[in-house]
Structure formats: C-alpha cells, structure tokens
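Read the single chain below, which is given as structure tokens and is the form predicted alone.
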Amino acid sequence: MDAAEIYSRLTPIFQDIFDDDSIVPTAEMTAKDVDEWDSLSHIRMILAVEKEFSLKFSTTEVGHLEKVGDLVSLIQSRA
C-alpha cells in the first residue's frame, strides 16, 4: 500500500475525529497542529485507523508516534 492511498484513507478519519472538514493529514502534522487533538481524540483516532486498516497497534508502537508520517510508516510496515 502506498503512502498516497494511506493519506487518502486517513483524511476522512481525521476530518471526522477532529470535526473539521478542512483537515488534510500531512507527513509533518503533529497533535500541536490541530486544536482538537488531545489524548482522548488521539485514542479515538488510533482506534478508527485500526478499524479502517484492519490492524492492531501495540501501546509501544502508538507511544512512539510523533507525527502523522510515523503513523503512515507504521501502517505501511504492517499492511
């Protein structure tokens, strides 16, 4: 699965979780870039990503994510 496909599938998840239709995830995007991105929305986003991609991430994997690009790389490594 290529990164473009992953970003295209992440976009509606981000828009739904953060209730903002203008959000388009980028590789360098972090929680600091999105006002609504707190710990609860982070968990909701990870659960939605796991469901979308039929994956399960470990707590360690999630704990090492610093930016959206890290999430995309993780998805690519598991898909």
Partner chain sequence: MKSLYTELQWLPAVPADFAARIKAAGASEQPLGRELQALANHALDLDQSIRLAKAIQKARTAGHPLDGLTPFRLAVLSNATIDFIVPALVAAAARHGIALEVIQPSYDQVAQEAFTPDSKVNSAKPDAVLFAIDYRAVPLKPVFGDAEAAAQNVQGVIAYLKSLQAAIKANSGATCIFQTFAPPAESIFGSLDRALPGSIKNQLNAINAQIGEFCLETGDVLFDVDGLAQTVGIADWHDVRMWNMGKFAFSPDLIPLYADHVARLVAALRGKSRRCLILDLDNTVWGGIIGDDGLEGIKIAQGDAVGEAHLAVQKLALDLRARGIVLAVCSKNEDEIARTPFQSHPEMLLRLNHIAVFHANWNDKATNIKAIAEELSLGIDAMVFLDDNPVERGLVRKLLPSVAVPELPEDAALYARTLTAAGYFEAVAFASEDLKRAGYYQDNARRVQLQKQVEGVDAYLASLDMTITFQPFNAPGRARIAQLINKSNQFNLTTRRYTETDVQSFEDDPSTFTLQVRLADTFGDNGMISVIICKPGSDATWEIDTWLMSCRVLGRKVENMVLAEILEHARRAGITRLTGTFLPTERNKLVIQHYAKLGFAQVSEDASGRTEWALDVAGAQPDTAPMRVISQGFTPLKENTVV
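Being a predicted model, the structure only gives us computed values, none of them experimental. Numbering follows the first chain given and starts at 1.
Keep in mind that the form predicted together with the partner chain is missing from the display, and what follows is about it.
Trainee: Is the partner chain in the predicted bound form near all of Glu5, Ser22 and Asp35, within 4.5 Å of a heavy atom of each?
Mentor: Spot residues vs the partner chain: no contact at all.
Trainee: Taking the partner chain as it sits in the predicted bound form, is Phe14 near enough to touch it, meaning that at least one heavy atom pair lies within 4.5 angstroms?
Mentor: No.
Trainee: With the partner left out of view, is Ala27 within 4.5 angstroms of the partner chain in the predicted bound form by any non-hydrogen atom?
Mentor: Flag for Ala27 set to no.
Trainee: What residues in 27-46 sit within 4.5 Å of the partner chain in the predicted bound form, counting heavy atoms only?
Mentor: Leu40, Ile43, Arg44 sit within 4.5 Å of the partner.
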